[in-house]
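Coming up is one lone chain in structure tokens, specifically the form predicted on its own.
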């Protein structure tokens, strides 16, 4: 890494993994409105507390570490972050980072953009843990670990909810007594870092449609869809928490509240219900096979097929609902792990949309994961764009660095 370029670390702490990416900021960013951090290296630890595995590589693909560890050595996120930091420190010895940007899942109603982290910010994020129990505690663990190791290092929180902060009140309301809305019980939306990147990317690769009525399907282990107009979010399928909307890998998606009441009446504790809704439902719960879409598509089990069919059916339904909000549909975009890499899932979803929107796919383009996968006859273009949440975090962190005079 060049010693002349400032270095930014990006930390993305998930429910069972910690990802750390290293970005350098080109000199042009010091006096130019455009900041384009460049990825230099990436490392991650997966299956924390179960089967920990560390992998690290340079941006050109050169692998610098690939090792599995005993569970006791990487039993929690704190241990995982220390280990990955140790590996990366070898390459960063001569050019330490000037800032660290963190993905934070829930920003509540307080945070509509990325912010510098201080004691007050941490306290407000802690209060949001009940709304994102799978993610928020791990996001905060990484923040605290950095503060302990390097207390003077600038840290920036980048929120999955921030891109949706401008939603109309009708898109935020939940039909509970109004006092709960005033107390912050409202629909926030998530995956905002991904959607912000796609909105920016659309402006680069398809400026003719970027300002129109766009629905983006972020389909991964977590899944949601977002309706955009003029590159801004106007509605999302996720709500107060990341449980709402689409069924996901292990999360249930939308559910009749009466079902939750029934579970409680049967004697299940709140913790047990939370564990089931977040960790044992969705594709995993329906199929009884796996939460991994690749495994389900390869399986001959009838319930695996059922789970995939239900997933596609619900995605198509959500697209229809978002089109109502937009008053139509000009472009459909697929992104994230499943959305950008699974032709069969895209085909299943789009098959439900043919009669309503005149969508048809070019089979060869779809199978190749091309940027445009719709046929010439399709009334609505269908695009595939890989997302880059870490890149958006690096960009937001660099902007705050520059605003503070440190870049």
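Positions refer to the first chain, counted from 1. Computed from a prediction, not measured in an experiment: that's the story for all the values here.
Not on display, but discussed next: the form predicted together with a small molecule.
- In the predicted complex, at least one heavy atom of residue 221 sits within 4.5 Å of the small molecule.
- Among heavy atoms of residue 297, some come within 4.5 Å of the small molecule in the predicted complex.
- Contact between residue 337 and the small molecule in the predicted complex is found at the 4.5 Å heavy atom cutoff.
- Not displayed here, the small molecule is approached by residue 292 to within 4.5 Å at the level of heavy atoms in the predicted complex.
- None of 341, 354, 44, 375 but one reaches within 4.5 angstroms of the small molecule in the predicted complex through a heavy atom, and that residue is 341.
- Contact annotation: the small molecule lies within 4.5 Å of heavy atoms from the stretch 213-221 in the predicted complex, the single such stretch among 213-221, 270-278, 318-326, 301-309.
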